[in-house]
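Only one chain comes next, encoded as structure tokens, the form predicted alone.
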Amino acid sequence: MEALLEESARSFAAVAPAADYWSLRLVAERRSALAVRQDVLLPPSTTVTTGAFVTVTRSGGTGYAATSDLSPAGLAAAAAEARTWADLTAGHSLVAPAEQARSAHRGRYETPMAQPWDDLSQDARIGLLQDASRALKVDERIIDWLAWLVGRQVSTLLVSGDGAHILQRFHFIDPGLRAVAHAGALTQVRTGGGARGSRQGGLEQLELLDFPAAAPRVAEEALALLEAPECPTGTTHLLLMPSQMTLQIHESIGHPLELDRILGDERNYAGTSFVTPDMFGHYRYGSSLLNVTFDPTVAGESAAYAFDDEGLPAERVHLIRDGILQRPLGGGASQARAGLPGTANARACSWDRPPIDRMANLNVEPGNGSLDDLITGVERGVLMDTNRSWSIDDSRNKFQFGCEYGRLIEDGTLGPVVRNPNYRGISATFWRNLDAVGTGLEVHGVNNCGKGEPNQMIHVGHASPPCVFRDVEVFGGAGS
């Protein structure tokens, strides 16, 4: 794939338009998906896509074009279309051409990997899934069960008129397990084994995600939920496990801090933000225990990279330090518009989309207490694990989230299982009630984050320890 991208880049250099700046982003992606449901192999699928995205800035305007035709003629046609749009938008840009993101960087990045996807034959991968499927069917009350495994390889090459040449190769692994239990009028679902979030790396990531070893536990917990009482209603302490912290970080820190959203770009589609530009540097977003970093350098996390899709070098920075809001998630163009420092997070989901402000690896930094310490410190509360449902308002402030699995905490001891645990809050105050932060980072992620028009669905990494919040409204499935 890289040879094709390099040849296409050389071809484009010969037909590049006269411009103040141009860039060409080439992408080649291969995705292989397997799944076994109720011990039956579903049709395997393999998808291959290759294309180019051209950006041209000239005479004060910027234009884009995309093409899957990587021949010299196809690239020349895309360049001409981008140049036409640049001329049409001259004088109407929100950002002066001199302030737009430009790259002259040269570099390479590849996902660290111990065991490539192709080291395991297709038959062996299917056998792994069949074993996992059988391990999920532990009881007649398990009425549906599924094991899946997805491997994805993505190569990108960014070149520019300023001399940029950035080659990045990414390897993703996305496994998962699901068990559906049913008895009487009750149905409960439990997932695990890496479900709902990919990681970067090879097949060695499966053991870290407890795949497929988690299958019996996933099934037994689904059955336990059938026997469990409803989560009680009240205001209490809430212990969120890292899998649910992923959703909490994503919705009530990640999206509110996207700078293009703060500037109003997403208001008619995905909403705005309760955060305003004047908050940075002094606004208390959370308690003094809250430290949040943008860190695309974490190997294994889903959105690790060396450069964003505009060619800006990625580095670890604090978005929130000791509870105080420091900087937004804004790429080069948004930084210029807002006059605020940001991050290298202009990202595109594929070759036919422009880079926009997106989350990457967004992490809550570890604290001092083990999970046992956190539980011991709670007199009355609820532990919640694994997101099941989410709802949040257009300004990413008021939210209500539901989880698959809950357990009561009584007098510092983990108590019985409860089903349908839910909680609600307001982002602007929820994080200020952060009462304890555990040790270590557990890596999760989101592989279906949607944003932009036309829509872009992208992968995002989140890592977090377990965390305790005080004075949270919790309720069961019958709550309102």
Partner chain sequence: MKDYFYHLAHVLTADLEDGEVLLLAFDGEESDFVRFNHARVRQAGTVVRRSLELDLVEGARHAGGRVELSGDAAQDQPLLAALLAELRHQRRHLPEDPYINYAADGPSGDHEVAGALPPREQALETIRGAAAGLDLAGIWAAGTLHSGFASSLGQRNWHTRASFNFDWSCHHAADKAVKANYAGLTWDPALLEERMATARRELDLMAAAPHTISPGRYRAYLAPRAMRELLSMMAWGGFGMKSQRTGQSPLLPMSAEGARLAPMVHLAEHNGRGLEPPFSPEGFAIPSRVPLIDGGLYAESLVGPRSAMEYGQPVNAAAEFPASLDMAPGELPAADVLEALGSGLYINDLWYLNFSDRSRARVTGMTRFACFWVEDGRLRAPVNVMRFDDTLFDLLGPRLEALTRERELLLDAGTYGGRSSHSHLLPGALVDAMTFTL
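Positions refer to the first chain, counted from 1. None of the values given here were measured: they were computed from a predicted structure.
One more form of this protein exists, namely the form predicted in complex with the partner chain; it is left out here, but the text below deals with it.
Only one of R196, R152, R407, R337 lies close to the partner chain in the predicted complex, with a heavy atom inside 4.5 Å, and it is R337.
For the residues G440, G415, P44, G412, the 4.5 Å heavy atom test against the partner chain in the predicted complex is passed only by P44. Of the heavy atoms in N447, none are within 4.5 Å of the partner chain in the predicted complex. The partner chain in the predicted complex comes within 4.5 Å of a heavy atom belonging to H92.
Proximity of M457 to the partner chain in the predicted complex: non-hydrogen atoms within 4.5 Å are present. Although the partner is absent here, E81 lies within 4.5 Å of the partner chain in the predicted complex, judged by heavy atoms. For the partner chain in the predicted complex, the listed stretch (315-323, 297-305, 349-357, 132-140) containing residues with heavy atoms inside 4.5 Å is 349-357.
Counting a residue when any of its non-hydrogen atoms is within 4.5 Å of the partner chain in the predicted complex, the hits in 431-452 run G450, K451, G452.
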